[in-house]
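For reference, the chain that follows is the form predicted on its own, supplied as structure tokens.
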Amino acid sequence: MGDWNRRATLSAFGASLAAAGVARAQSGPGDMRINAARLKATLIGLSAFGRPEGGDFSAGVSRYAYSEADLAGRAYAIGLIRAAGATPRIDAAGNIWARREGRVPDLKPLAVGSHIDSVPHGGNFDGALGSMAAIEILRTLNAENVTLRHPLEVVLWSNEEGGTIGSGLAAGILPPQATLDVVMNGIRRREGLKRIGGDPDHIADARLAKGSLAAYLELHIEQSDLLEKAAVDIGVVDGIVAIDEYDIDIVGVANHAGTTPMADRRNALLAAARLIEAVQEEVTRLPGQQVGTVGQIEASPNVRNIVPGRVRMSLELRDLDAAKIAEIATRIRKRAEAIAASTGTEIAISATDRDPPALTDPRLQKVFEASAAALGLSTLHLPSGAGHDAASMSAICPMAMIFVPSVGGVSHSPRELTTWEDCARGADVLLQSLLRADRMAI
């Protein structure tokens, strides 16, 4: 398992980013550190729940929401919270909370946390690192006999992988009825919530009032390879990208593949292929980190000897700049019109969902930068291309996130990997940032 201590250091690439926001530390390490060995042990302990039978840590996990593995993982986390001297509570949305009181009456709580559910056949670090680091902070504060000015809330969100369900319900940004009736991985959310101790009949009780938290901080693995390529320790997240989703319906004419001349065909699949290429061209035409994906496609009648008469497919656009992806969508629509005319098909593009960007708080970004610098760690500003519970919290309070490197940029896979050293570094920065935020007037 030598990969656990391996870090790719492409120094030339890192040097090229120096002018683009990479900050190198100027001071020594901070005073208080988490217990790195204990954090590692809890991550390994959590990985047992959802691990394939006979597999080891490298086999990954299937700890999807409301499953038996999720129930067992939650019980493990609740045990850790109790051992850390806190009393866990479960809200109506199935989120696990643990409060540590502060010194100053009436100050709003600071919150840290993440999630422990996984995708099927996922990895051991996505969500788990931020959750176990939050619990480790409880243990460290106890061991150091440190009481914050603010109360501290540790939160483990339920069903993040299903669409940030627990945090979205807590933030009041998801419609409860439609959300609870969804079936995923064979489990209806309403029944799943009951299994984990939630209360779908009183879901409004989980709602957090706007401004009820002083701030929310989250540690997560990057799930990409920008930090590794740049040989940078900590990613300071500028925000969680906007996500625009579309359904595309292409209608041609199904006809005999052997008797229909090529010139006479109204091939919906040909139009789809050209449109997919157009998506690639339009997304990459502008500079930046925006992405576009056609991830689902269904051709009909999907028979070997019939010209496809209809295609349905998805389109997803992501970027921190919502106006940019709206402009890209407009260009794609124009390309679709031309493709429809040239192929004799009809193309309809319908917007189905739009998630606005969730920008992180600039003051908290500076807190993360200062904390990393005090620990002798380098930082790089970057967007989050994936969704996170922190996006939900941006509707309630100031929020910010940090990333630690993902080896090879692999995530949602058993091969997902972050070195133990980077796990500890991220948890130390989270702890130091919590201490700094506690001294601020938020």
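Numbers follow the displayed sequence, beginning with 1. Computed from a predicted structure; not experimentally measured.
The form predicted in complex with a further copy of the same chain exists for this protein as well; it is not shown, and the discussion that follows is about that form.
Novice: Quick one: does residue 385 come within 4.5 Å of a further copy of the same chain in the model of the complex, counting heavy atoms only?
Specialist: Yes, residue 385 sits close enough to a further copy of the same chain in the model of the complex that at least one of its heavy atoms falls within 4.5 Å.
Novice: Would you check, heavy atoms only and a 4.5 Å threshold, whether residue 209 touches a further copy of the same chain in the model of the complex?
Specialist: Output for residue 209 is no: heavy atoms all beyond 4.5 Å of a further copy of the same chain.
Novice: Do residue 177 and a further copy of the same chain share at least one heavy atom pair within 4.5 Å in the model of the complex?
Specialist: Answer no; every heavy atom of residue 177 is more than 4.5 Å from a further copy of the same chain in the model of the complex.
Novice: Verify the contact flag for residue 335: yes if a non-hydrogen atom of it lies within 4.5 Å of a non-hydrogen atom of a further copy of the same chain in the model of the complex, no if not.
Specialist: Output for residue 335 is no: heavy atoms all beyond 4.5 Å of a further copy of the same chain.
Novice: Heavy atoms within 4.5 Å of a further copy of the same chain in the model of the complex: which stretch in 140-148, 289-297, 193-201, 81-89 meets that?
Specialist: Contact-bearing stretch, as computed: 289-297.
Novice: Heavy atom within 4.5 Å of a further copy of the same chain in the model of the complex: which of 355, 321, 247, 327 fits that? Just give me the one.
Specialist: In short, 247.
Novice: Work out which of 341, 75, 303, 183 lies within 4.5 Å of a further copy of the same chain in the model of the complex, going by heavy atoms.
Specialist: That would be 303.
Novice: Residue by residue through 260-282, tell me which have a non-hydrogen atom within 4.5 angstroms of a further copy of the same chain in the model of the complex.
Specialist: The stretch touches the partner through 260, 261, 262, 264, 265, 269, 270, 273, 274, 276, 277, 280.
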